[in-house]
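Next comes just one chain, in structure tokens: the form predicted on its own.
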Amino acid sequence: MRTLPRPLPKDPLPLLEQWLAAVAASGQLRNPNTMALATADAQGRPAVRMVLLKHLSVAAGFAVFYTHYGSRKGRELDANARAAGALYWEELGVQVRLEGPVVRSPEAESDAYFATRPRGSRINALVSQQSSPLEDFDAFLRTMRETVEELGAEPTEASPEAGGPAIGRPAYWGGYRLWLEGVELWLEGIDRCHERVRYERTLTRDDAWTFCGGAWRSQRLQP
């Protein structure tokens, strides 16, 4: 990862996919898919937080993350449907920046992912009104425990009889597709001679979930 391919690839996403796989395989990071996600409200006031990049569609050109639609980032995306993301792997000296419009994922896609989450995480999605004011954290924890008791905990090898009814995805929780119209790759260099290249393409809206992307254009940038 210390130098970019020469000549530069015409599409940055297969390379990004390789980097994600290599970082995950290295075992150096607890969550190698951690991404800083920046949004802005209707007045242009920015906010940033960490999310998990759960899927990268190389063929179509979008990145997927999940959250409560009523959370602060969800409300900001309703008002201003664009975002920027950054992945940074300090141990490897690599940074990736992602930019573009954001749309909600198809419901079937969100349903499929929600079903893979641990039961406790699914229950949390039912209980938590993410980003809403909370007066008493202990009261929230009690509600969580009561809901777990009511719905049943995750079955385990020690307690295979555990588990209750299936927990479906609530309508207020799901995925977002960050459609990539800008991608910047950054590799740390000696004496701050970092290697940078920016990719851009034009997106055309196809339907509620999909954009069609033109050919990528690349430009090397000074450190």
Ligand SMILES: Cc1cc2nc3c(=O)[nH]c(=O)nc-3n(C[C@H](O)[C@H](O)[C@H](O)COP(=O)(O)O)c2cc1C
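Quick note: we count residues from 1 along the sequence shown, nothing fancier. Just so it is clear, the structure is predicted and the values come from calculations on it, not from any experiment.
Same protein, other form: the form predicted in complex with the named molecule, not shown, and the subject of what follows.
Checklist entry - Hey, of 84 to 92, 71 to 79, 118 to 126, 100 to 108, which bit sits against the named molecule in the model of the complex at 4.5 Å between non-hydrogen atoms? => result Residues of 71 to 79 come within 4.5 Å of the partner.
Checklist entry - Counting only non-hydrogen atoms and a 4.5 angstroms cut-off, does Thr147 reach the named molecule in the model of the complex? => result Although the named molecule is absent here, Thr147 would stay clear of it in the model of the complex, with no heavy atoms inside 4.5 Å.
Next on the checklist: Please tell me whether any heavy atom belonging to Arg45 falls inside 4.5 Å of a heavy atom of the named molecule, as the geometry stands in the model of the complex.
Outcome noted: Residue-level check for Arg45: no, no contact with the named molecule.
Checklist entry - Any of the heavy atoms of Trp186 lying within 4.5 Å of the named molecule in the model of the complex? => result Heavy-atom contact with the named molecule at 4.5 Å: absent for Trp186.
Item to check | Touches the named molecule in the model of the complex: Val51 (any heavy atom, 4.5 Å) | outcome: Contact with the named molecule, yes.
Checklist entry - Does the trio Gln18, Ser57 and Trp216 actually contact the named molecule in the model of the complex, every residue with a heavy atom within 4.5 Å? => result No, none of the three is in contact.
Checklist entry - Heavy atom within 4.5 Å of the named molecule in the model of the complex: which residues of 124 to 147 qualify? => result Read in sequence order, the residues that approach the named molecule (within 4.5 Å, in the model of the complex) are Gln130, Ser131.
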